[in-house]
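So this first bit is one chain, no partners, the form predicted alone, shown in structure tokens.
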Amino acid sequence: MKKRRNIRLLLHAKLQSFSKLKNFRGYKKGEWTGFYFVLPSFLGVIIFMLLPFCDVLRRSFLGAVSGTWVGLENYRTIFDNTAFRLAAGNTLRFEMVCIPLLLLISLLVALVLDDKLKCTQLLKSCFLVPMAIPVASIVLLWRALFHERGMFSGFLHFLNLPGEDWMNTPWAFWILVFSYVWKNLGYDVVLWMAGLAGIPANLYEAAQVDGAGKWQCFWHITLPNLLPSLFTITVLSILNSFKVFREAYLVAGNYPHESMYLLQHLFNNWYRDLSMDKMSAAAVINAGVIFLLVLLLKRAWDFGER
């Protein structure tokens, strides 16, 4: 009897282990199913982004003309380059000003629109209109407003004040900031409102029953639940900030006012001069900084979720 009982227990253990193995295989199968959906996009990233970047990384250690190995000489050259330091400083300044400003304004607008105003749909459309305006039209608007003979200078002349070409003054940087915030505000508002729509209403009802005010609800319910949206919106805002080059380039050409001479202008000029060695080294540094910044944001997001 004791021997049969041991055999029965052994068979039961085998069946349990087989069941766990079956579930494990099923779980792995589900993982691979999801991977198959991502595979086409992943292959596109490898072919059109990672492989070309590997070639850029290789070129950053080679001479432009000879093609011989020069080590870190290209990196030393760009750090000694005055134009690179100016462009990197302006780009960093632009990011530090625009990103917090855009996040704050878009969040405030999303909170106002989320209060179920009567004209919510109309306001949403107004904020989304700049996204549909072509870059060339924005450039014409800039020239009509800020040119030496534009509307703004004409208004100053009406007040007996001197007018000037505002795109060739230090104000050009703030015009660029305004253009970026104005064009991307509606996009971020939509993302914020999507995050607000995912917060359960019963959380607010329970907090209000306990006597919580609007500020307490925002600080303890709204803001923690918007952290995933904050990470996504911040990364997309950073990526979109590198597209303002088009407006500045069409307005001022290869060499705009030094206050808005960004890395994109520098890359464009180096590409025109076929300075592939300097451009490759600067591109590697630029990609590394963006990658580290995204990792820091991800780390901060994970820390906030804890």
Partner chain sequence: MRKGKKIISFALTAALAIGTLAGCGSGKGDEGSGEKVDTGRENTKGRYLEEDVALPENTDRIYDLVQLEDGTMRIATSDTDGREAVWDLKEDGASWEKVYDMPQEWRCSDSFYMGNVTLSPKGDAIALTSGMLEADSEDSEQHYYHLDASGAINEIPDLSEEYTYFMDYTRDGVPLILRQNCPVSALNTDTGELTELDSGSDIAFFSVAGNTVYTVTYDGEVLSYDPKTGDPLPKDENLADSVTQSGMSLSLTNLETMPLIFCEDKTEENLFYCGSAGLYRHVKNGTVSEMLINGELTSLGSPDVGVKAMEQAEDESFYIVGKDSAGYKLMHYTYSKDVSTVPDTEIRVYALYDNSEIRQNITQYQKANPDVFVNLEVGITEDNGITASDALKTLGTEIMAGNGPDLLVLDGMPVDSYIEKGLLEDVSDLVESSEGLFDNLISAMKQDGKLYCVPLRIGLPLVEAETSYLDKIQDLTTLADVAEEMKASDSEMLVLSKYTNGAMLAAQLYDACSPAWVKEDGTVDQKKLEEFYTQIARIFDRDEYDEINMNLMGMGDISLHDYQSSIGGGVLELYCDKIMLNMGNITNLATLSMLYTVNQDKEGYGFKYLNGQAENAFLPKIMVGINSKSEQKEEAGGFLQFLLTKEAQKADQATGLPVQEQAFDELCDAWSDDGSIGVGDANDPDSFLQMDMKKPDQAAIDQLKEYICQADTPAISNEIIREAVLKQADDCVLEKITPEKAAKEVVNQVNLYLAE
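Residue numbers count along the first chain shown, from 1. Predicted model, so just to flag it, every value in this text is computed and none were measured.
Unshown form predicted in complex with its partner chain; subsequent notes refer to it.
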Joint contact, Ala136, Phe146 and Glu247 to its partner chain in the model of the complex, by non-hydrogen atom at 4.5 Å:
no
Classify Asn81 as contacting or not contacting its partner chain in the model of the complex by the rule of any non-hydrogen atom within 4.5 angstroms, answering yes or no.
yes
Answer for Tyr271 alone: is it within 4.5 Å of its partner chain in the model of the complex, judged on heavy atom distances?
yes
Heavy atom of Phe48 within 4.5 Å of its partner chain in the model of the complex:
yes
How about Tyr36 - does it come within 4.5 Å of its partner chain in the model of the complex, if we only consider non-hydrogen atoms?
yes
Given the stretches 81 to 89, 223 to 231, 185 to 193, 136 to 144, which is the single one in contact with its partner chain in the model of the complex, using a heavy atom cutoff of 4.5 Å?
81 to 89
